[in-house]
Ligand code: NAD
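A single chain, nothing else alongside it, follows as structure tokens in the form predicted on its own.
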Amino acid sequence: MFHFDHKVALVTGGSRGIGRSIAEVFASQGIKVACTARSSSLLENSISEMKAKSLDVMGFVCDGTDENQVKQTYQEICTHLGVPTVLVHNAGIVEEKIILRLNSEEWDKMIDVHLKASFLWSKISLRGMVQQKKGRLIFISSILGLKGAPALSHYAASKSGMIGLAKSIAQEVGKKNITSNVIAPGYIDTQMILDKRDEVIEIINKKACIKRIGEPRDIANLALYLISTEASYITGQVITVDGGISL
């Protein structure tokens, strides 16, 4: 049994996949959850479905790469739910292209979505956490941020950058009763692998210790532990959840 002293959590990319699962798991523990996403229609549907389960969640449309939108959305969250003392930066995209064909606009887009948005949400959230004298930051990176991958240099670089950011934040704010950790998922059954499901299953059968695709709930359960009182001495860590595929 875990214990929680956080009343409000902010989950970016909370409309589907890993983000939605984290939002549901947090809300099941009585935590108010603010979910952000860029797609209003997808977010509205997800929030309606979660509310139908009597979960205390609210949706906020926001482009996390836009500083003004981030500031405005954060203030709206504080007004409607209270100051978030948990931030899970999960929003992400994936696009394959070998580096010789990758243009600067595609590179910038990937860096902005994963790394710039991580910075913007962290900066504004940390101020509230410092005032509340407690906080938990969790960054959803990837095992590819640890080892790279062909045709995904921009994705891997951005996910690796999130790790450096999280570790630096941990060193800056640990004395403020704030932790900062990274979860690095392997292959998780989300929209991102939908077009490559057969290929992913083949890779898992060859390389993974646990012969199945990961579920969003596998990530959400770890995130729940990391925001618990029992995890208060864990910070600056990168925890892989990949069925042993990276061994």
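Computed from a predicted structure; not experimentally measured. Residue positions are given as counts along the sequence shown, with the first one as 1.
Keep in mind that the form predicted in complex with this ligand is not shown, yet the notes after this line are about it.
- Within 2.4 Å of any backbone or C-beta atom of the shown chain, none of the atoms of this ligand lands once it is superimposed from its position in the predicted complex; the pocket counts as open.
- Out of the listed residues Ile93, Val83, Leu146, Leu126, Ile93 is the one that sits within 4.5 Å of this ligand in the predicted complex by at least one heavy atom.
- Partner contact region in the predicted complex: 137-145, out of 170-178, 99-107, 137-145, 75-83, criterion any non-hydrogen atom within 4.5 Å of this ligand.
- Using a 4.5 Å cutoff between non-hydrogen atoms, Lys51 does not count as a contact of this ligand in the predicted complex.
- Residue contact check for Gln191: one or more of its heavy atoms lie within 4.5 Å of this ligand in the predicted complex.
- When this ligand is considered in the predicted complex, Ala23 lies well away from it, no heavy atom lying within 4.5 Å.
- In the predicted complex, none of the heavy atoms of Asp56 sits within 4.5 Å of a heavy atom of this ligand.
- Shown without its partner, the chain has Val113, His114 in segment 101-120 as residues with a non-hydrogen atom within 4.5 angstroms of this ligand in the predicted complex.
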